[in-house]
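For reference, the chain that follows is the form predicted alone, supplied as structure tokens.
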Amino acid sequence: MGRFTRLPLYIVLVLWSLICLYPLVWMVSTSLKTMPEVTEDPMALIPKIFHWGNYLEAWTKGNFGTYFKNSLIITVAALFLVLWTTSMTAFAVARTDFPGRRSILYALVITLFIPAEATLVPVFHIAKGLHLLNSLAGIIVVSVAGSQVVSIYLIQAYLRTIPRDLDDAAKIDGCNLFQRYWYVILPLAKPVLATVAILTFMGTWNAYMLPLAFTMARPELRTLPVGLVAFQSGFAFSVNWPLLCAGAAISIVPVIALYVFLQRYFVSGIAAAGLKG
């Protein structure tokens, strides 16, 4: 494909990128305005004066410090538990032979077709019976359970691209099963682990229904998405868009930071898992 042939494609991609970025730019711009300025010209992207104090006001009035801490605890704990449990499960499925291995994998894939909302009530009652409601630990446990299937499928698909000769060489060197997993396979799986880390972080950090159901009786345990909606509903007559956008901007900073840090692994992990999946 020549340079001039690719030009229309580049133009379309640039235009589509601008369309996708516009809501994010508008949110950041609005977070730096005053309410009268937003009312006067809501579509303007450059504030007349940058009001950085909106972020401090949103942080204090919206209790975002507490919500940020809760979200961070839940997300980081769920992230490490998901990476640990799913990588071991995927290793067993992809690198070992045992009866029913394919049936287990097919059963996991079938659960992808069940909407998460359909399982919310059963999960809530099970958590209630286990005394996990109104606690961060309960949200962590359920978040880890809900992130298993996609993560296992992606990791096991990637592990199938790694030559089996490495396992044989490790066996000759005297490595047992866990040592092959920890010292040989896991270091080679960094791209797909980064992919799983980003997807898990985004899913857990942005979750709304589950933390809402688990923290109704204890508002101090709310996560950022739940706290952001509560902050919005707290305005008496009209929404304070600058403060609300400042709170939303605060909530997306960790997700963007993680993606920037791991993005060089993300595409290669998805591509390699897709080729073999």
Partner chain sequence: MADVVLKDVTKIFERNIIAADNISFEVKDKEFVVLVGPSGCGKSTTLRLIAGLEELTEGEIYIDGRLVNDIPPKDRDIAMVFQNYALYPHMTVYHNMAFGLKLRKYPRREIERRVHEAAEILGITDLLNRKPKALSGGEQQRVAVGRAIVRKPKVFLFDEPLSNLDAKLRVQMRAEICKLHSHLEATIIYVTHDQVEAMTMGQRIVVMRDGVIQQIDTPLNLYNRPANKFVAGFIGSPTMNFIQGTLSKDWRGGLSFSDGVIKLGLPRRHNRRLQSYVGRELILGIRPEDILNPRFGKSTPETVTIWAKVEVIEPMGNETFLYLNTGSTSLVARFSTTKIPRVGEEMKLMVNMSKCHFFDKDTEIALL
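From a predicted model like this one, the values you see are computed outputs, not experimental measurements. Basically, rigid core = biggest C-alpha set you can superpose within 1.5 Å across the two forms. Positions refer to the first chain, counted from 1.
Although not depicted, the form predicted in complex with the partner chain is the subject of the following passage.
For the three residues 23, 41 and 48, a heavy atom within 4.5 Å of the partner chain turns up in the predicted complex in no case. With the partner chain left out of view, the stretch that reaches within 4.5 Å of it through heavy atoms in the predicted complex is, among 83-91, 186-194, 202-210, 126-134, 186-194.
Contact annotation for residue 165: at least one heavy atom lies within 4.5 Å of the partner chain in the predicted complex. Taking the partner from elsewhere, residue 170 is found to have a heavy atom lying within 4.5 Å of the partner chain in the predicted complex. Contact check for residue 174: a non-hydrogen atom falls within 4.5 Å of the partner chain in the predicted complex. For residue 179, a non-hydrogen atom is located within 4.5 Å of the partner chain in the predicted complex, even though that partner is not displayed. After superposing the rigid core, the C-alpha of residue 101 moves by 2 Å or more between this form and the one not shown.
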